[in-house]
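Only one chain is shown below, in structure tokens, and it's the form predicted alone.
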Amino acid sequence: MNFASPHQRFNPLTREWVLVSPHRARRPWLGQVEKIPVENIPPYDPKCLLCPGNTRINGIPNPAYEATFVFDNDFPAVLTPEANAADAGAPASSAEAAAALPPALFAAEPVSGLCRVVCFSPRHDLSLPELSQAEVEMVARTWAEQTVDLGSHDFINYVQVFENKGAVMGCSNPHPHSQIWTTSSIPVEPAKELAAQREYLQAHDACLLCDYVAAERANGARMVCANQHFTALVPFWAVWPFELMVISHRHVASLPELTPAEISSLAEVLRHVTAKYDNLFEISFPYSMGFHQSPTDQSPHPEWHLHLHFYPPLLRSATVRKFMVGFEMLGMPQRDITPETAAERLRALSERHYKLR
């Protein structure tokens, strides 16, 4: 097939299609231009709610932490069952009154959960690619430990580890941190992947992502970097211009299943991938990233394979971003540059951060 002309590609993880229009990459840009992120960030900001020793909005002081720091989110998106029950006695709102309407058209159900914040480092100015190997390993171990701790609650069925980096991605605080949201229901995107991976296992008696990463490693066109235990690649069905997936070589379902050697390899790939991102336009590259791991619903999940998604918005430069509007919102996702071109550009970049040259 000729990938230089318009075509669509299938995503077996979500069973959805994406339109690829390579010729549109040449069109002139007269749209919105983003501001280049400010680079003169201090190591410590007395006004930052996440820096060591500072007091958060709820009046609780942060400890003088020297490594990763985890705390319960001061503004959680979901509440514990006890907190939900306490709210149940409040006067009915107009939304609650809608529950009396036909459930086929107005379905609703309660959701419980816990939310936490993981500060990567006491340094206000250092993101993942600027941290040491040991520091990123500690972050990865913290994610695994938190998955075990949060997933042990009997009302938690999914643990979502994610990071929003950069104001353009809605990050409200520049101090490098990630979040963990856990829910009593399985969220929409992991639920799609759960169904697809389960169906593939039943149909082929094999793991979807085991087969996929093996085929990508053999092909090489969309590879970005790899080590003994993990591969980073631009997926064949990528939607965002420089989207990446990081996939474990061993068939493991969640972060807690990783060995110490695999944690080290994961940290190395994270450092290399995020350094390449920063080196692409020589800025602190914005993205949303998150792990998709097996549900914590006490059921076996032989179909699930641990992987990580990176969704960065930038398209042509540090100031031009990709917008999901018009046809993308009303029809289907669309991209201009091919995944192969994006992978080639990222693969060619140094894994040494541009600030350290």
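So that there is no doubt, residue numbering starts at 1 and follows the sequence shown. Just so we're clear, the structure is a prediction, and the values are computed from it rather than from any experiment.
The protein also exists as the form predicted in complex with 5,6-dihydrouridine-5'-monophosphate; that form is not presented, and the subsequent description refers to it.
In the predicted complex, at least one heavy atom of residue 71 sits within 4.5 Å of a heavy atom of 5,6-dihydrouridine-5'-monophosphate.
Interface residue remark: residue 185 is not counted as part of the site for 5,6-dihydrouridine-5'-monophosphate in the predicted complex, having no heavy atom within 4.5 Å. Among heavy atoms of residue 57, some come within 4.5 Å of 5,6-dihydrouridine-5'-monophosphate in the predicted complex. Contact check for residue 49: a non-hydrogen atom falls within 4.5 Å of 5,6-dihydrouridine-5'-monophosphate in the predicted complex. Shown alone, this chain has one stretch from 227-235, 74-82, 190-198, 138-146 that lies within 4.5 Å of 5,6-dihydrouridine-5'-monophosphate in the predicted complex by heavy atoms: 74-82.
Contact annotation: of the candidates 279, 112, 265, 164, the single residue with a non-hydrogen atom within 4.5 angstroms of 5,6-dihydrouridine-5'-monophosphate in the predicted complex is 164. Site annotation in the predicted complex: the residue of 202, 172, 259, 132 reaching within 4.5 Å of 5,6-dihydrouridine-5'-monophosphate with a heavy atom is 172. Residues of 113-137 placing a heavy atom within 4.5 Å of 5,6-dihydrouridine-5'-monophosphate in the predicted complex: 117 alone.
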